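Have a look below at one chain only, the form predicted alone, in structure tokens format.
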């Protein structure tokens, strides 16, 4: 890590600012930026200190940024949510010249519509992943290739999806051959999910919840997140993560700099550390989502879950990345989901 520490210090400890700063980060708890070893390495190299504050939803992120102007220097924002934050004038455009690792970011992620607006980039692509399905290896000799496995009568009572209205509708959209960001036939989705309900044993809400049900044999097949699957496999859970022919739901998280940050140079040095391959290789050992940095992915060992998933272009080309969702659509999806559960 010597090279990395030297690089971080070079970015931060340059004229005219030779003093240490406090960098205030707003993120999900336990999501990369607050890894103890990573923060310690950064602080040792720069003399800066890193202070975290956490949110529990994207909506809470916006509330915190509105009501605590100037309180944050780096904010984690999902690309499907970034346009709303930009529209409220809360973010600075990204100055890519301040990021030594920027050139290794995947151009497809850099060009993500959610992170861009009016010719400016407002989020540094950082981590990404998929919502797809995972199955118990004890139940499957041959891995399924279709989402239809969730509807297979053989697994009735041992299937699960997350208790989330938008995600449920998007799974239904994939299963009916539709674009998750432009669902034209919501009744087809309703019908498909109605057919699924008898097979569901329980809805899962957290990674721990999912792991317990899979370990106990309650789940044979269930929707799951790719980064969570990496952690579950790393902990010894005998599962396989599958990207079916119908595709998967993709998400992309960016690191943004609030307009009223008082420590922007230090913020950029911290973001540069977060997208550095050496940081990502360390994070991957603990179960990380995918990296937007192609050099970081290439640096992973060959047996890494993320390298195995991301090196196969036939998988990633099937991913439909989430785009911003209008409030009225979100409410429509929520009503559909509540009606389905009430009728079960």
Partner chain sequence: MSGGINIARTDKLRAFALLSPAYLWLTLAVFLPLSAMAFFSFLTEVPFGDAEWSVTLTNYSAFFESSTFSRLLLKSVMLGVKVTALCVLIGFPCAWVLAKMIKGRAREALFLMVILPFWSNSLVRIFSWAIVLRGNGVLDKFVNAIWPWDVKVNLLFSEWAIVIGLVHSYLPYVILTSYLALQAIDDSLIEAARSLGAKWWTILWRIVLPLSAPGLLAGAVLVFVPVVGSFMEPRILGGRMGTYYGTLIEDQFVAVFNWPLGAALSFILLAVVLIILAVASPILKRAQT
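Residue numbers count along the first chain shown, from 1. Keep in mind it's a predicted model, so treat the numbers as computed, not measured.
If you look for the form predicted together with its partner chain, you will not find it shown, but the lines that follow are about it.
Q: So, 198, 203 and 334: all three within 4.5 Å of its partner chain in the model of the complex by heavy atoms, or not?
A: Yes: 198, 203 and 334 each sit within 4.5 Å of its partner chain in the model of the complex.
Q: Just checking whether residue 167 would be counted as a contact of its partner chain in the model of the complex - the rule being heavy atoms within 4.5 angstroms.
A: Output for residue 167 is no: heavy atoms all beyond 4.5 Å of its partner chain.
Q: So, residue 97 and its partner chain: in the model of the complex, are they within 4.5 Å at any heavy atom pair?
A: No.
Q: Verify the contact flag for residue 163: yes if a non-hydrogen atom of it lies within 4.5 Å of a non-hydrogen atom of its partner chain in the model of the complex, no if not.
A: Residue 163 belongs to the contact set for its partner chain.
Q: Hey, in the model of the complex, is residue 84 touching its partner chain, heavy atoms inside 4.5 Å?
A: Output for residue 84 is no: heavy atoms all beyond 4.5 Å of its partner chain.
Q: In the model of the complex, which of 209 to 217, 88 to 96, 253 to 261, 184 to 192 comes within 4.5 Å of its partner chain (heavy atoms)?
A: Going by heavy atoms within 4.5 Å, the stretch is 209 to 217.
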